[in-house]
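Next up is one chain by itself, shown in structure tokens, the form predicted alone.
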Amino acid sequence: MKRRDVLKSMTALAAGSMFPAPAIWSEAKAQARNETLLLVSESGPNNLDIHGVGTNRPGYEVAWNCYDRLISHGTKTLENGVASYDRDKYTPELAEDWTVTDTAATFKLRKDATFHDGAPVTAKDVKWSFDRAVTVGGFPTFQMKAGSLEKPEQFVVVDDHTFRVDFIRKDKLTIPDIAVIVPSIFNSELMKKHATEKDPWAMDYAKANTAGGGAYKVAKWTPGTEVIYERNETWKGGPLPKIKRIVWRMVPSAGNRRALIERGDADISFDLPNKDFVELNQAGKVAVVSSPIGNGIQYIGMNVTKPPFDKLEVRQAVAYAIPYQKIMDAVMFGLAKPMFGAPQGAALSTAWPQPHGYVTDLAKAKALLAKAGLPNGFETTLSFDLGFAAVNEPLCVLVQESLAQIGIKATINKVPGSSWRAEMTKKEMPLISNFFSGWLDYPEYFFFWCYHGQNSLFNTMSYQNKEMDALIDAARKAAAEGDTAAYDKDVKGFVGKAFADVPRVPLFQPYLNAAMQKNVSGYRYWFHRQLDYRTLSKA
């Protein structure tokens, strides 16, 4: 599809002119409207288990609302007036109190907390859940490792309501890592009933069933169509939510999602094209909230194990061929911070994200291809997650068009959202458009996930470099020891190396946008970029 066709089709969808927006309140009307919240988004969860293989980002939303963690975060107000989680403030959830020493963190659990089936939450459940997270492998195990949570022996049941984490090293990220989604607490006895010799952690069961004690429970899940939640009336992890029922519908058409929010049928709409958010905000009929996504970057990634992207000159050529400003103007409509065009010779900082020095320069790109021995270019595929097509598709069309001008023929590969994580895990895609944001808002955390030689899921470029690893490891050590001078040196070192080796090309730091009816309140921005239903209410 050509660029003009994509942009024209998106404009038509935004106007809601191609398809009539479906009437989707029929079932929800059984509940009072102010006690039921209707959400619409482009895609939904492919797995209800945060530890599952290939669980996508919508799956995080299920885990966040249906499971509890030991601790959570307080609230602050961003400069734009939007309520946000507070990275530096921790609040009780299942743990009502905790103490941290140089060697361990000890958590005192609520004695009145229960799971959805009424079973009491004990320290045995917490240990089983932490053991599962560090054992199943893949994303959850790597996430735990990011905070030096690595071995079942670290997790100790002191008594029924006391749980201890023994530290294996000094690490600034250990306590923050306990407050993310992965160390959710499972009903261990329920899970064990569904475990088998081949599936000791009941992964098959948890994929389609929740086994938590969070503020909501899944009443119905139809993959690709809807998720219906009901409030857990006995939840003790915080104030009882005001919304009794959540209906989350998957509406693939951006035009339909916009029409539903404009005519008042939907309460909250995500994943709209940025042009729609800008126009909805200008019209003033609904509320639009926009917040820069912390520690997050949209990028073009090149798999360095797939020729010719193993050649530095080819990667640099791609970086100079990207139409940065066109993307900002025609795709993002100002709802992003540019991460390109830093002045030549500008000093690096310890801030992340920060802009690199590449700009659109097709002549330089062609010269670099020639230097790489590819004066006539080459053919490749450019893949993106169809679950987030509102940004990815027009972006990829613009990149495809620009690469063609230097002789690179890129065929666009649209990967269904439910399969994107699985395809990422294979690490076979040579060229991709993707987004990553670090849950823990520290540069060393971002680079541990995306550039470290341990080659995590999110190191989509399969980039491995011993010098890079040493800089990342040293920065983590310096942060733990409070050595500011060493930390600053190491962070600037790994940022500079990332820009020099350019296995991925940062494009922009996007905003997280949501459109909602003006009678909806309590929205809060979270590091996982999904909705927290617990604080929402309707007038």
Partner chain sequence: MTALVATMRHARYVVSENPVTGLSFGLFLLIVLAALFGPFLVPHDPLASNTTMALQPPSAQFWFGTDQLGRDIFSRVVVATRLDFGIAVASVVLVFCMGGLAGVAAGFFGGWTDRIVGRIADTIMAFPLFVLAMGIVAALGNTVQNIVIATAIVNFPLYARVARAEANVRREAGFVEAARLSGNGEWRILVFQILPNVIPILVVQMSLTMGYAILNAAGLSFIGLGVRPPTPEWGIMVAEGAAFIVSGEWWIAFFPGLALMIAVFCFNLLGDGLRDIVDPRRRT
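Computed from a prediction, not measured in an experiment: that's the story for all the values here. We call the rigid core whatever largest set of C-alpha positions still superposes within 1.5 Å between the two forms. Numbering follows the first chain given and starts at 1.
There is also a form predicted in complex with the partner chain; it is not shown, and the following applies to it.
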Would Thr411 sit within 4.5 Å of the partner chain in the model of the complex, counting heavy atoms only?
yes
Any chance Met339 has a heavy atom within 4.5 Å of the partner chain in the model of the complex?
no
Glu393: heavy atom within 4.5 Å of the partner chain in the model of the complex?
yes
With heavy atoms only and a cut-off of 4.5 Å, decide whether Asp276 touches the partner chain in the model of the complex.
yes
As a check of understanding, the residue in Ala367, Leu190, Val289, Ala330 with any heavy atom within 4.5 Å of the partner chain in the model of the complex should be identified as Ala330
Among Asp112, Asp97, Asp361, Glu401, just one has a heavy atom within 4.5 Å of the partner chain in the model of the complex, namely Glu401
Please name which of the stretches 461-469, 251-259, 291-299, 97-105 has residues with heavy atoms lying within 4.5 Å of the partner chain in the model of the complex.
251-259
So with the core overlaid, does the Cα of Lys326 end up 2 Å or more away between this form and the one not shown?
yes
Establish whether a shift of 2 Å or more occurs at the C-alpha of Thr380 between this form and the one not shown, with the two forms superposed on the rigid core.
yes
For Ala389, decide whether the Cα shift between this form and the one not shown is 2 Å or greater, given a superposition on the rigid core.
yes
